[in-house]
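Quick heads-up: it's one chain on its own, the form predicted on its own, in structure tokens.
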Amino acid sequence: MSGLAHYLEDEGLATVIVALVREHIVKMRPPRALWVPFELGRPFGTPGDGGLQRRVLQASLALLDKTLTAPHLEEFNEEAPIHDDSNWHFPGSLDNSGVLAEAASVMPIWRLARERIGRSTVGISGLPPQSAVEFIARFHDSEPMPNPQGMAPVSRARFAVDDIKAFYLEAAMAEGGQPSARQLHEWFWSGTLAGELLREFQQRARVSADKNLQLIAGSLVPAERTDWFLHGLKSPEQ
């Protein structure tokens, strides 16, 4: 979207980007951008919170009133409200002897969740859930897991990361409940070996000699779950 903003501005159309990944905006330097501290997929905050969504919209449109001579990035300094479910817990136990064993222990719980919900978003990588975990775990090994035909390795890795997150988070809803996104993310990123695996994979992608891996690094882990963010830095380069 940042690249498209540059194109539209060249054609005389004013643009504003509402951005979730700050480092992308810093690198792409669109003419006007509002960074919001919300989870990926929710650029206007909590679903159903009309007041918050209106304030985000007003803050973004206000950028059009500014006279700018250089790309401008502004921060929306309001967190989305959190409504935790005190009764929610992960409906099972995790095998913590290794990430592949952990994924195997999630599998029967995920199957129950899929039956209860009636659908699943797991599968965009073309790999079964446990294979997606193994693909990422072995990606930087001297003997990585063979990549099936039909998709470049980096593209499959990008989609495998999405499949892993969906696999675990869908399993977390096997017994229902109404946990907040914060609860689910806290459980996944801080309480599972898969979350640790993805953070490590992102760090290696950032410093990889493969430019394609570097390009996807910023979208693998939510900013608030990265080590650089938790240490109070605005970007991983600081």
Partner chain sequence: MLKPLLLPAITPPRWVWVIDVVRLADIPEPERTVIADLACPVYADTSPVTPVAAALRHVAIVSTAGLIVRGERPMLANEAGYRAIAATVDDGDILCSHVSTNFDRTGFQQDLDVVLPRDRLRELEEEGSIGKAADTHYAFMGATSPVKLEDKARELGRSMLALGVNTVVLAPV
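These numbers come from a predicted model, not from an experiment. Numbering follows the first chain given and starts at 1.
We do not show the form predicted together with its partner chain, though everything after this point is about it.
Visitor: Of the listed stretches (138-146, 87-95, 101-109, 123-131), which one has a non-hydrogen atom within 4.5 Å of its partner chain in the model of the complex?
Guide: The contacting stretch here is 123-131.
Visitor: Check Val207 for me: does it contact its partner chain in the model of the complex (non-hydrogen atoms, 4.5 angstroms)?
Guide: No, Val207 stays farther than 4.5 Å from its partner chain in the model of the complex.
Visitor: Heavy atom to heavy atom, is Leu73 within 4.5 Å of its partner chain in the model of the complex?
Guide: No, Leu73 is distant from the partner.
Visitor: Considering only heavy atoms, tell me if Leu197 and its partner chain come within 4.5 Å of each other in the model of the complex.
Guide: Flag for Leu197 set to no.
Visitor: Residue-level contact is defined here as any heavy atom of the residue lying within 4.5 Å of its partner chain in the model of the complex; does Pro37 satisfy this criterion?
Guide: Yes, Pro37 is a contact residue.
Visitor: Just to spell it out: taking the C-alpha atom of Thr192 and the C-alpha atom of Val21, is that distance smaller or larger in the model of the complex than in the structure shown here, given it changes by 3 Å or more?
Guide: Between the C-alphas of Val21 and Thr192, the gap widens in the model of the complex (3 Å or more compared with this form).
Visitor: Specify closer or farther for Pro47 and Gly176: how their Cα atoms are spaced in the model of the complex versus the shown form, given a shift of 3 angstroms or more.
Guide: They are closer; the C-alpha distance drops by 3 Å or more in the model of the complex.
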